[in-house]
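Next up is one chain by itself, shown in C-alpha cells, the form predicted alone.
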C-alpha cells in the first residue's frame, strides 16, 4: 500500500471531541487540531508556498506546533522544525541550506526568527487563536513523500537534514505500538523538544493511535511529577538527566500505578540509575534510536525491563539490526547498522548514506545470544589507550554512581606513551563537594587501570548537551584544549 487516509482526518471524524493536546492553558480536541491544520494550510498556500518546498518552523512546545506538523500534508510542502536553542547565525545557515521559502514562528520566537531570516525567506506568524472546525476535503497520504526535514544533533561535524517520509513516521508508530501496546486510557507526556525527532514522534503516534498528549513547554521536574499524579499520564519519554532530576524531586513518593512506561533514550543509561528505578518499581524501558530512524529503532519490551537491565531491547518489528560488517558472534562490539522502512532514504543535498539499504549509525554496540542490543558508545568517541578500547559511557556510568556526582563526561586526550588517555569532566550534586583524587580512587576500585581517568575536571556548570539530551563530547574536547598542557602527573597545569 503506497497511500493511506490522512490519520488526523480519521481521528477528527471518529472522535472529534476527544482531547488531542492538553497544554498548560488550553485543550485542543482532534477536531480542533484538524481545524487548526486546515487554517494554517490555507495560510501557507496564500503565502505562495510551493508543493514540495521546505517550510521551516521555529516554535515552542505549543499546540500550534502540532498544527504545523499536520498542515503540511494539506498543501504538499515539507516541514523543517528548527532548534530554538540555536543562535541567528546557525539558524540562517540552516535556512539557506534548506532553501526554505517560508519561516513559520510563534510569538515567543518572533525576534529570533526576524534576526535569523535570510533574504528571500518570508516570515509568517502562527495563529494561536481558537481553531475553526475542520474543512479540508478527504486526503490521502503518499507514504513515499517526504514529510519532515530534521537536522541531526550535530554533536560532531556539520548538521545534515535527514529526510523522513510519511512512511517512516507510520512504521515508527506501528513498530512502537506493537512493542509497547496501545491502551484505551493512554496519555503520553511530551516534554522533549518537538523540533527533535523524539518529541515529533509523540505527535505523530498520538494522532495515529487517537491518544491524547499532555504537552509541556519546558522541563520542570516538579511539574512533570505533578502531571503524572494528576493528569493520568501513562507514558513519558525522557533522557537520563531528566529522569535523575525527576527522582530527586520526588523523593520517596511512589509513582501511580497507571504510569506503565518511562521510555528512556538519549544514549546509554547509567546502570545505577536503572537499578535505582528497578528497586522502586519505576517502569523504565530503554530505547535506542536516532533522527534517521524517525525516533525509536530498538526498544526493550516492558516484560524484559528487569531481565535485560541495560539493554536497549530488540529491533522494532519492521527493522533489522546487525553489528559491523555482518558479524554474528554474540557480544562482539562493532558499529551498529540498521535497515528497514523506518530508516531515512538520505539527507537533503547530501549523498545517500545507505549501502544495500543498510545505514551505518556511527554507534558502537553488540547483540547478545538472544538478539538484544546493548549500545556501548559513539564510534567517534571511542578512546584507544595502549591498544585497549575505553568506552566513555562505561567510565561515565561509574563516576555517576558516586553520590556526589550529578553528571560526568569523558573524552580522550592525546598521550605520548599510551596514544590516548581518558579525562573526565564532572558536575557535583547540589550541596556536595568533589575531590578529584577521591573520585580517581573511587574509579580505580571499579575499573581496569587503563580506563581510570588520568584527570578529573570539576565544572561549576552543567555539562553541555544537545536539545535531545545527548552529551556534546566535542565541546568537552574543546574545553580540554583550553586547560592544556597537563603536567607529567596528569594534573592540569594552570
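A quick note: this is a predicted structure, and the numbers were derived from the prediction, not measured. Positions refer to the first chain, counted from 1.
Beyond the structure shown, there is the form predicted together with another copy of the chain, which is absent from this document and is the topic of what follows.
- Only one of 219, 188, 171, 109 lies close to another copy of the chain in the predicted complex, with a heavy atom inside 4.5 Å, and it is 171.
- A single residue from the set 412, 232, 318, 353 has any heavy atom within 4.5 angstroms of another copy of the chain in the predicted complex; that residue is 318.
- Remark: residue 181 counts among the residues lining another copy of the chain in the predicted complex, judged by a heavy atom distance of 4.5 Å or less.
- Contact between residue 483 and another copy of the chain in the predicted complex is not found at the 4.5 Å heavy atom cutoff.
- At the 4.5 Å threshold, heavy atoms of residue 143 reach another copy of the chain in the predicted complex.
- Using a 4.5 angstroms limit between non-hydrogen atoms, residue 341 touches another copy of the chain in the predicted complex.
- The stretch among 245-253, 269-277, 79-87, 201-209 whose residues place heavy atoms within 4.5 Å of another copy of the chain in the predicted complex is 201-209.
- If you take 341-379 and check each residue for a heavy atom within 4.5 Å of another copy of the chain in the predicted complex, you get 341, 370, 372, in sequence order.
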